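Quick heads-up: it's one chain on its own, the form predicted on its own, in structure tokens.
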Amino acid sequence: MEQITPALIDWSRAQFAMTAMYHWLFVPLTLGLSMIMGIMETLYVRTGDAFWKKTAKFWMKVFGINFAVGVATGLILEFQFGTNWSNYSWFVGDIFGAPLAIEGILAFFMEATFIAVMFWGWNKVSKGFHLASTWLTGIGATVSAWWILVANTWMQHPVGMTFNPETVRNEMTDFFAVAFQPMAVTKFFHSVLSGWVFAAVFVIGVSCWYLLRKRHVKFALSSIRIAAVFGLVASLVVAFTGDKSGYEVARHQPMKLAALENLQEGGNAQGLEIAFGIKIPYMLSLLSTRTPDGYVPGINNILEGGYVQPDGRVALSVQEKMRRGKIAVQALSDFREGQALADETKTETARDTLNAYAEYFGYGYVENPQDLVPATGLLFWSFRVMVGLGMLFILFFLVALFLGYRDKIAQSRCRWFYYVAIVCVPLAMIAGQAGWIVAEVGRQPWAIQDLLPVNAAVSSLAPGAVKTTFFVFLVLFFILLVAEIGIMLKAVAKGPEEIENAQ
């Protein structure tokens, strides 16, 4: 057995982070384009206008290129739970595996079934059935995202389970608490609709590239009008759910919130720092507690304890949580020893102790209180990049709507907007990546918040083996990315194809 070393933990985290971030390059576009092309095909079925068929088929082609690479990276991501994070999988596999199994059995097969009809069923099935297949492909992708985000949310706020010392596993006791906790619902809408925003920006950016070259003008204008409405609605919902998400983080992950704001010392009536020392008075308290004078703990307050938490309990210091965690870890060892010796008294005494201190079990593996402070600088700026770009996209969609529906966007004096739209495509991708940095880095060092730190979740592997596979995946992903971008650019350069007269 290999020793768990900092190098092993760092390389395992780096490999998973690289795979997850690469996967998220493709997921948002898949989620958003599936809805946009569904809207366009609906217009074709309702109006009978062959133009909308041509438009929908083009965006389906782009969707298909993106979807294929996204599926491949998603499979690699899930395999890593068994290879690099086997202790995690053993400890909570009964809970974490349930939503992923549902995602694979229900959502993935739903996509696989109807995507074939969507791509190759034109003129082979009725218009209505083909339209249903298109929408069901998009719904399948969205349902898939739901179950994956349920699993991820459970890592942020574990609920609906109990610890079984006999199997040394956490076991699910309330499926609906896991699947439909408010934090999961908020995260679903925030993450999925952020994908819709990216797809809308992408559609407008590609369309403006055509306008810049005076090609496919009608196609570009129609795509911009649909994407602008779609994107504006999505971006407003993302802003609303972002506010709700911040409130949930304040309640369940106070250290993440303190790190996001680089708040060392908390207090009442806290202002929100925009950047460079500029603050909005009372705003952080208002967002976190829904009252302008509410108490928001800082990093030092969380480490030292002593303040009143949202549930009314007085927060313990991290040192005290670590002490109780070590009692829980020792109680588990005593329980297993009592079982091996058939000592019922020792077994039951250990069980009672473990039940009393179970909520602090994960703290028994924390070596230093400062280990619980995530990377504040990275989180501080990632959060501001995400929020700042989100506000920019609201303005972007408003301008696109104004120019698109007043027939001004095709005029030569609007060329500046074409360049803005093209630049906004990579910015939308950056915004999505920044959001996941906030979510995942902010949870560190916990694999599961307050339950299992990464040093106890990682597989016992040779650091060199993980390092080697990291670079293997890096090269593979780079090749796939270059190929995907090349195929995508060729499809965009070719543009929408002429369609047959038979409808």
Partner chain sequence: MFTYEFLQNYWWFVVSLLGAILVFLLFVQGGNSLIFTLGRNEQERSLLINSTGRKWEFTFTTLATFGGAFFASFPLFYSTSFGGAYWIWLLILLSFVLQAVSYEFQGKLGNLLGKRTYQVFLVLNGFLGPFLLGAAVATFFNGSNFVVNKTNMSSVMMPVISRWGNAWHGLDACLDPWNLILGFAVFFLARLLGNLYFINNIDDAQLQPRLRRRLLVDTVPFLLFFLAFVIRTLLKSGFAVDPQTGRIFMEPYKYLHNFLQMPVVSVLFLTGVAGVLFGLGKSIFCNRYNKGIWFAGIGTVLTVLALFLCVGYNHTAYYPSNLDLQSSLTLANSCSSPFTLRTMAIVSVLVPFVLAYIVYAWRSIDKKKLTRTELEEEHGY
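No experiment lies behind these values; they were computed from the predicted model shown. Residue numbers count along the first chain shown, from 1.
The protein also exists as the form predicted together with its partner chain; that form is not presented, and the subsequent description refers to it.
Using a 4.5 angstroms limit between non-hydrogen atoms, A68 touches its partner chain in the predicted complex.
Looking at R415, you'd find every heavy atom of it more than 4.5 angstroms from its partner chain in the predicted complex. Contact between T83 and its partner chain in the predicted complex is found at the 4.5 Å heavy atom cutoff.
When its partner chain is considered in the predicted complex, W436 lies well away from it, no heavy atom lying within 4.5 Å. Across the proposed site, V458, A465 and T469 without exception bring a heavy atom within 4.5 Å of its partner chain in the predicted complex. The partner is absent here; in the predicted complex, the one residue of I394, V373, A358, I102 having a heavy atom within 4.5 Å of its partner chain is I102.
For the options V117, V233, M283, A132, the residue carrying a heavy atom within 4.5 angstroms of its partner chain in the predicted complex is V117. For its partner chain in the predicted complex, the listed stretch (290-298, 120-128, 218-226, 258-266) containing residues with heavy atoms inside 4.5 Å is 120-128.
Shown without its partner, the chain has N87, S89, W90, F91, G93, D94, F96, G97, A98, L100, A101, I102, G104 in segment 87-104 as residues with a non-hydrogen atom within 4.5 angstroms of its partner chain in the predicted complex.
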